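In what follows, one protein chain appears twice in different forms, each by itself as structure tokens: structure 1 and structure 2.
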Structure 1
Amino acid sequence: MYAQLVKTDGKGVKPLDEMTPEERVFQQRIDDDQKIEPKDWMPDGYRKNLIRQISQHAHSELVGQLPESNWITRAPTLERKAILLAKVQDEAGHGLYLYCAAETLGISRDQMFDQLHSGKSKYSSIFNYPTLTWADMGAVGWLVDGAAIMNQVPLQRTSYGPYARAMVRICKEESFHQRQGFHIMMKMANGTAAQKRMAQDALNRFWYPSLMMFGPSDKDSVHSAQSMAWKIKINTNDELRQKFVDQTVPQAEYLGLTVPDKDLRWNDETGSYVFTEPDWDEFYAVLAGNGPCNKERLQARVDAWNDGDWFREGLLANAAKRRAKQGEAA
């Protein structure tokens, strides 16, 4: 998912003997893999944690359009323009699905946007990095959407029904996005020497930010335990990061590109790659608003919201007028 820093209320998993009768029944439903629906009773902590996670996920989908929309008019062919335009449109749809899912928990869309614009709610750190060349569109699709898929496929089994169901379609569309990105990288890696250098440069710049997408190391992610117990999260951050590396390194080798990690090596005993951790100081700095494009990305969302104010007012006025006419007819 794109929610990297969701903090659960409390300091850990609540023991069974400290739960209220309602909490014990709720936890048993979770343990039995039953879906929780909007009208079901749920602990306040579960509701708050879901709102944080789903809203951050939704914000990331919308902000994630910005690095790519910059390249729609500059894509090298008409076909590439159409594909990229469709992808950006998909991301807007993903945001809408997720905002709708979050609204079932009792928060309004206006509240979620206010939290985003004020900086209270975060979005994925990956979208605070610039897209400098066309090869970056390949790296974003291959690496960023590849990491998103790794995170999001397990969320189809998350315990909250509306979230799990939204993820089914989102994952199908993200698979298209990942293949589109890999195809761009494959074309460039097998093109001219300059194109291959461009592809390598994009991999160099997006490799570690992509690893950061899974969130902090498990040893520092002290709030994951409760999310795991509630099955809001299905896998730990490090499990998913390792799986991503194991899957992506052979793809880079197939492309003839080099992963920018001099210590990367295969471990026969574990059956996985040993790799260098991201720079976590950079991760936290970007989340705190000090990344290369933080101010630019957030301001673009604020401007879009303000510029669309007249349209929202028109829709609300029209809806009120229709309700008034229906009332007169009754």
Structure 2
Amino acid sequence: MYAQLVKTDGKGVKPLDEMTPEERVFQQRIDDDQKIEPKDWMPDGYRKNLIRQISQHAHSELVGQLPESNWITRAPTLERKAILLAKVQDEAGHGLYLYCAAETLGISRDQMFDQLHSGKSKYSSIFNYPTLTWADMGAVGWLVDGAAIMNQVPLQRTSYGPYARAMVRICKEESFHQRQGFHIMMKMANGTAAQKRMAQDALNRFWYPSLMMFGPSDKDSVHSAQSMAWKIKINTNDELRQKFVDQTVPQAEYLGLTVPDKDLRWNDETGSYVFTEPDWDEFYAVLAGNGPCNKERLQARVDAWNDGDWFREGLLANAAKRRAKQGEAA
């Protein structure tokens, strides 16, 4: 997701001697771990890819509110309700930070919304899966946020200053998200037979979609190489997926739940798990718009935006009146 699915333009990394002088200084600054800031010179490709990546990341936060907000009104206790609402609110905040980071690159938030609403710009495929029971709130926090954090922590070191700073803030706030999800799973896995069944069912449904969040294997991709040279992508998709599996399998065991992969086994030599790849046909189908909830998710965003037209216009009209009044007074 996020950095993982963004195709970089161009034909891979330019060798140093083919670069223009500006490009060379630019690459040198990145290699030296200096941050690139909004007004600095940057190659067009860098700017374009960053806009695409950050806006997709922002859209994912925004659309990512929906599967969880689906359960706020049904949360089983007042405390769970408050925690879930605070968490989903954080996602809105993270979307806001990221849109602002992208805006420093010369695109406006409303333009990015247009791209989302028209389907031109994508968001993480995971949010096109439904949340069917309360245990899904646990699974989303534990697995989906777990995968997101794995992706976001390295992005705090990304080369673009505003993006890196947004990621620092996001990672700080996100620390409780995965924990609250795991905590729900613990309650469910140790609860009644019905709760346990819900917990296992949630893991069954979210396991492979979570693995898909890291994107298809990209170890030989030239696109990926360019993004990594620019440090807008820090790890390969496979590295992150492996790390995620290695971290998550023992947690599932701790919960007494079964990871839905009969070929899953520990490899002593590599010191990591061997696991079954997700069904990439399903992944591409969801990406193409054929996931269980694609239509509903996008429609919810389009409706929220269109229904809010009069509200935003009203505020602007009022601000214009106030300015006019101040003008008269002055």
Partner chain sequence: MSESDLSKAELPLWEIFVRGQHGLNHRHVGSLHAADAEMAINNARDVYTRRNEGVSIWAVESSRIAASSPSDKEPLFDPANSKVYRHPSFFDIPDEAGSM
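Residue numbering: structure 1 sequence, from 1. As the structure is a prediction and not an experimental result, all values here were calculated from the model. Each form is matched to the other, and the largest set of C-alpha atoms that superpose within 1.5 Å is called the rigid core.
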property	result
Number assigned to the form predicted alone in this pair	1
Flag for Asn306, CA shift 2 Å or larger between structures 1 and 2 after aligning core	no
Core-aligned C-alpha movement of Arg322 between structures 1 and 2, 2 Å or more	yes
